[in-house]
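Take a look at this one chain, the form predicted alone, written out in structure tokens.
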């Protein structure tokens, strides 16, 4: 009997040892961290050969820096979540990554880039047509507003402002009703420069916003950009727009009810739905109705999953199997409904629509509908080198404008000058 027990214990031990661990570094915090952990837990429960181990490595900048250091030390994770502005940098480091198309093919998994929303798949696809990373938490910029605050200020809670003029008018009524923060903005460079450009079908940068070559240069000091930033600066002076900080820092001020309106990621939805103690609505980004072609479409945000080089063949098979799991319409649809991130496949979008989710939750279809519109050469995407550094420059200069230390024109001219220097450095470092 004792021998039988030892044999059984030995078999269990071998089984445990045979399980291949796949390290996944990510930057999902709060409710989205819970979502990531649930995805890993569900995949691990569905099979026993592989174990996905998700690890939060700080914000996007921090996780990318940590992964570069880990790669150089020979202990990089198998999967790295990289935000969209790091895409050009990852593409340039060909020796450090394995294209997702190759990973899926070698792993014997079905993978059809055509199944993904074109604007999403195209962003992560190289000029040779090879898809390099797996679209994961793809998002776009949307407008959130506090319906209870609108109602208290005499505004129609079911009719959100569609134009920037209407936003300013709503902000004035909210302030008159005692609201100290009528409007705030998260991810300001993404929402007010990048998506603003594509939404109005104007250039953010030359060369198709960088998609057409490394010699792209910034175009964000156009008359339209100056007009918009100047309008926001005037709203800041009047207390109608309150700057709360960089990246996602302003988001808690909306959830708490302090700020009544915010432009930020569609991926903010899960947080608001879970934690806001008031009725809220979602709508499209505001626009200027006198601009020809507006509104057009918004650009991709969020992040994708990159497979790091230097791993064993069986480990890559585990990665492929996990990506196949993530790609299923059922998983995609459930994730979209839970988080507000895009259903990155058309099948998941159709499944969500069929389920009645959009009908039961008005506004949740805004993000995918903004993204699946027909794009133009200047609205389809923005892919620039050294863009992490450029985003920092944009934050610095916009902060000078909001503080009244620079005019809108001065701030945007400085962004172009300093940003172009970064683009030139990237071009020099990566030209053959």
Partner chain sequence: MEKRVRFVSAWLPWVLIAPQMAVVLVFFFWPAGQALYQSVLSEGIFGGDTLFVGAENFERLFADESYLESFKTTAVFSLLVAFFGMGLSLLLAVMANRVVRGAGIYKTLLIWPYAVAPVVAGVLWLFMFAAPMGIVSFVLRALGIDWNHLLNSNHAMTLIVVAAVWKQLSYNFLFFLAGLQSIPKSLIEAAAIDGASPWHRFWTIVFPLLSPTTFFLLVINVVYAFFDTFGIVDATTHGGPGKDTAILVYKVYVDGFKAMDMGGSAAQSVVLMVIVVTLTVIQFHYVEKKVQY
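Numbering follows the first chain given and starts at 1. Worth saying up front: this structure is predicted, and the values here are computed from it rather than measured.
We do not show the form predicted together with its partner chain, though everything after this point is about it.
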In this chain shown alone, the residue from 327, 209, 192, 89 with a heavy atom within 4.5 Å of its partner chain in the model of the complex is 89
With its partner chain left out of view, which of 219, 227, 246, 173 would have a heavy atom within 4.5 Å of it in the model of the complex?
246
Is it the case that 112, 311 and 355 all touch its partner chain in the model of the complex, with a non-hydrogen atom of each within 4.5 angstroms?
no
Which one of these stretches, 57-65, 363-371, 38-46, 23-31, sits within 4.5 Å of its partner chain in the model of the complex when only heavy atoms are counted?
57-65
Does residue 407 reach its partner chain in the model of the complex, with heavy atoms at most 4.5 Å apart?
no
Going by a heavy atom distance of 4.5 Å, is residue 400 a contact of its partner chain in the model of the complex?
yes
Taking heavy atoms only, is residue 166 within 4.5 angstroms of its partner chain in the model of the complex?
no
Is there a heavy atom of residue 388 lying 4.5 Å or less from a heavy atom of its partner chain in the model of the complex?
yes
Contact check, 68-104 vs its partner chain in the model of the complex, heavy atom within 4.5 Å, ordered by sequence, gives 68, 71, 72, 89, 90, 93, 95, 96
